[in-house]
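So this first bit is one chain, no partners, the form predicted alone, shown in structure tokens.
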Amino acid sequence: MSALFAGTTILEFGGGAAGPIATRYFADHGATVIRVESRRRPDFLRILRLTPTTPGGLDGSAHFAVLNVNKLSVALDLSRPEGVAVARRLALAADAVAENFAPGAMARWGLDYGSLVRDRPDLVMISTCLNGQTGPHRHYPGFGGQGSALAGFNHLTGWPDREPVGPFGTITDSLSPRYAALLLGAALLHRRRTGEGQHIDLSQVEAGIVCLAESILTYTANGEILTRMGNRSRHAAPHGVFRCADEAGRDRWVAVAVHDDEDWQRLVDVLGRPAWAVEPALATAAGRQERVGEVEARLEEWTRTETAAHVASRLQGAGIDAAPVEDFGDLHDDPQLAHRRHFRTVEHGVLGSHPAETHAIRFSAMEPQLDAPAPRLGEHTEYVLRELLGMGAEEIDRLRAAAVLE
């Protein structure tokens, strides 16, 4: 069976994570995804932690490499009118255009939807930025760190007696690409059925808010503003992460969630029914919530003496939700991820052999493929101009001599 998106060409402008992760879904299933960038304005991930001694320079970024597997790179200097003209030809020839610049950037080049759709009425284009293309804050060019604050994640993350700490990483940069991929796929399917194109405007902040449904619904229903509780839960006790025995100098933890009174009795049995745990006052969720600090401390007295894997296995065997807290080394050794081939090895011209992730989706008859490493900047310029635009050698040489293709 052919790849799901074989024959589909997506032209990508922008960088970082929010845009490129979305198009990876298509690249891993056979689409031709072409990144437009230049040495004058490279993807900022190419220069993240770049030093004068970084092997390969702009092509030596591991962060860029793991996000952009299976893609092609065209070098076009968009500060030059000739570069913009070529980019426009590419956009009109592609099946879809994806961009994650701040609003106004594409319009300054005449590459925005309104400009392109006049020559391509069935154009499919997706724009994703922090606050979307409209509204009073649309021009604020923030990143996921600001997105997590604006969406409400920071308010919920941390401890009630301390300042917000925020979730690790740029969470809206991780959430919004999943929406972008779904929306872009739906728009391509809609065009196949109807012949109609469309412009999709995805706000990364709003995509994050959608993932906080409990907090939104709670406020909508009764005006209560949920706030940070550390690892605790309003509905379950004990609920959190508990220290286990260290292993080879690495601290280890286990996540445990006791959802109801039946779970509690199962936990008490696993603990060997110690005197503190069989107190009648702890038999109900309300009673455990009143003494949650004591319950957590007592539980950790036991977990500290065991490995995280042993604790999780014992609790899972009793029907209690529990799992080791894995670090990033553990993930690469995880047998479940290995079975699903989540990490796969690619050979990069500068970085050599390195692991890269697939996405989490598995179609029954269409395995995602990691066929090529992330591109070196401009690696496929001549190939794309020749194959997609039918550009001859003389025109390519002229553009190269004019420093447009760099």
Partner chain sequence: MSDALSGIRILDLTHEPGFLAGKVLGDLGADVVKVEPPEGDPARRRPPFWGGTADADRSLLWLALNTSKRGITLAVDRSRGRELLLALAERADVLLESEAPGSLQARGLGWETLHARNRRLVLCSLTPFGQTGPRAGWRGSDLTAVAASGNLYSTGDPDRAPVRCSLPVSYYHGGLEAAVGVVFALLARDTTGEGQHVDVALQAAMVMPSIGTAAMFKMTGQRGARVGAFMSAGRTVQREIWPCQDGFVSFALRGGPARVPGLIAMVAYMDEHGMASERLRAVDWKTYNHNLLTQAEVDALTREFGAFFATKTMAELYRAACERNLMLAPVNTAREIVASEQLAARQFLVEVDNPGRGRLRYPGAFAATSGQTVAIRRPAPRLGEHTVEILAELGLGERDVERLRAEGVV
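The structure presented is a predicted model; accordingly, all values stated were derived computationally and were not measured. Residue numbers count along the first chain shown, from 1.
What comes next is about the form predicted together with the partner chain, which does not appear here.
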Checklist entry - Which residue among Asp112, Glu206, Glu99, Glu296 has a heavy atom within 4.5 angstroms of the partner chain in the model of the complex? => result Glu206
Item to check | Contact assignment for the partner chain in the model of the complex, among Arg120, Arg80, Arg288, His199, heavy atom within 4.5 Å | outcome: His199
Next on the checklist: in the model of the complex, is there a heavy atom of the partner chain that lies within 4.5 Å of any heavy atom of Arg138, even though the partner is absent here?
Outcome noted: yes
Checklist entry - Hey, in the model of the complex, does Thr303 get a heavy atom within 4.5 angstroms of the partner chain? => result no
Next on the checklist: Please tell me whether any heavy atom belonging to Arg88 falls inside 4.5 Å of a heavy atom of the partner chain, as the geometry stands in the model of the complex.
Outcome noted: no
Next on the checklist: Test of understanding: in the model of the complex, would His239 fall inside 4.5 Å of the partner chain by heavy atoms?
Outcome noted: yes
Checklist entry - Which one of these stretches, 91 to 99, 161 to 169, 70 to 78, 277 to 285, sits within 4.5 Å of the partner chain in the model of the complex when only heavy atoms are counted? => result 161 to 169
Checklist entry - So which residues in 330 to 362, when you check the partner chain in the model of the complex, have a heavy atom no farther than 4.5 Å from it? => result Asp330, Leu331, His332, Asp334, Pro335, Gln336, Leu337, His339, Arg340, His342, Phe343, Leu351, His354, Pro355, Ala356, Glu357, His359, Ala360, Ile361, Arg362
